[in-house]
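To begin, one chain is listed below as structure tokens, in the form predicted alone.
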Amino acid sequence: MRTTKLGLLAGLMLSATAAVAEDLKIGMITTLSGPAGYLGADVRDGFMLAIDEEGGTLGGVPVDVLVEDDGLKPENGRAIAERFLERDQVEIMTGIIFSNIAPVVAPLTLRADRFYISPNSGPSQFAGSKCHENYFVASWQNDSLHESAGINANNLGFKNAYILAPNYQAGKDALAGFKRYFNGEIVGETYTQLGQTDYAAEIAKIRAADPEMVFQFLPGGMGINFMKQYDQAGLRDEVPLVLAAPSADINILRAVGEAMVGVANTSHWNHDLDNEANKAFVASFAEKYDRLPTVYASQGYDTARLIASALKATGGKVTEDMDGFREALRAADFDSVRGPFRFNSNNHPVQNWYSRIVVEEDGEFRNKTTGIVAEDHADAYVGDCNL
């Protein structure tokens, strides 16, 4: 058969087109609606900021981020994950905020031989006996977040506490973490409903227990409602609170206002941490989105920078070079906005935890870093992981 010049040209054009690789696909399943919707929006915006700073790439590799809202419903998370994995062929899954979604999405991702990299949720089971070589958490292990609050409560001299959290995995991890390090007596322990808005019954129980302090893990709109009602009940000045970052993020401070001033809390990140990566991030985020970043935004940004470091090391290969990409993730070769950061053997962070206090400065409510409560802190489950 004779090949014409036109046919040869067409064949070359088709070959060239086939040789152009598609952008690396990243699936982001996150919570964008309801009272907790700003948590997912901040993770998304922090993540996308890192991509914008690289001109649409991560580690020099063009990426296509598919973003969908799970609506805080596990069944939504499952449906989106199945579509991302089967139809869209995403190679990396990220974005999960809540620990009732993670136990659904993570196993689907891992069974499909893809990478799951969490920017927030870190349920205990995946840090211990169910750890997996392709499962990474770039934020925290749930318990350790609240272990820091328990340490802070000890440092502040409290001898007993009333504790409460929503009745789901992260809430159970929160109370377990606080109790693991708090040396005082627990005079009351309550699990609320996930998404609850009325806390009159819980506040009545706190008043009856007459504790020295209250620890609560109520992120997003739950924390806003609780704090407003706690203040209205007159308990704010009678029984102080010691919190962790999700119960004292900047959006909660703005919504609640004056009643948050003086509240002690802990976090692995704050806008005033004195390192170059953080200064640049805070300035860039504020310029792009016209608001200060939350801890969730910092985690979205760090997650993207972590992925970028691994893509740069493997030349953009993920599922084509799973061993190489995995080792590059474990190396965590990037400057985290939180300061010192490394992965433990269970692919969960080892990092510092900082004490903070809520202040009002120039009409703005914000957290001020006051010190380190736990240095180079690892989670409690690493010994149960066989990686």
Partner chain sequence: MSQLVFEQFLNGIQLGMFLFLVSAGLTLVFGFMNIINLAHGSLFMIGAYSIALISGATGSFWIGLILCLPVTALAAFIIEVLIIRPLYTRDHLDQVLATFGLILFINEGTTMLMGRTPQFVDMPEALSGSVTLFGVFSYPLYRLAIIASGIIVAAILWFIITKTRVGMQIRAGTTNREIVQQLGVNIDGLNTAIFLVGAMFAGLAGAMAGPLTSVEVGMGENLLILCFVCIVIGGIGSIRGALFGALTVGIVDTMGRSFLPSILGAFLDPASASGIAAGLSSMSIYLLMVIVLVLKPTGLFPVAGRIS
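Numbering follows the first chain given and starts at 1. What you see is a predicted model, and the numbers here were worked out from it, not measured in a lab.
Below, we turn to the form predicted in complex with the partner chain, even though it does not appear here.
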Selected contact from 261, 208, 280, 156, since only one has a non-hydrogen atom within 4.5 angstroms of the partner chain in the model of the complex: 208
Interface residue in the model of the complex among 110, 313, 255, 176, criterion: non-hydrogen atom within 4.5 angstroms of the partner chain: 255
Location of the partner chain contact in the model of the complex, chosen stretch of 136-144, 116-124, 302-310, 221-229 [non-hydrogen atom, 4.5 Å]: 221-229
Residue contact check: residue 324 to the partner chain in the model of the complex, 4.5 Å heavy atom: no
Contact test in the model of the complex: residue 233 vs the partner chain, heavy atoms, 4.5 Å: yes
4.5 Å heavy atom contact, residue 61 to the partner chain in the model of the complex: no
Contact flag, residue 35 vs the partner chain in the model of the complex, heavy atom cut 4.5 Å: yes
Residues of stretch 158-193 in contact with the partner chain in the model of the complex (4.5 Å, non-hydrogen atom): 167, 189, 191, 193
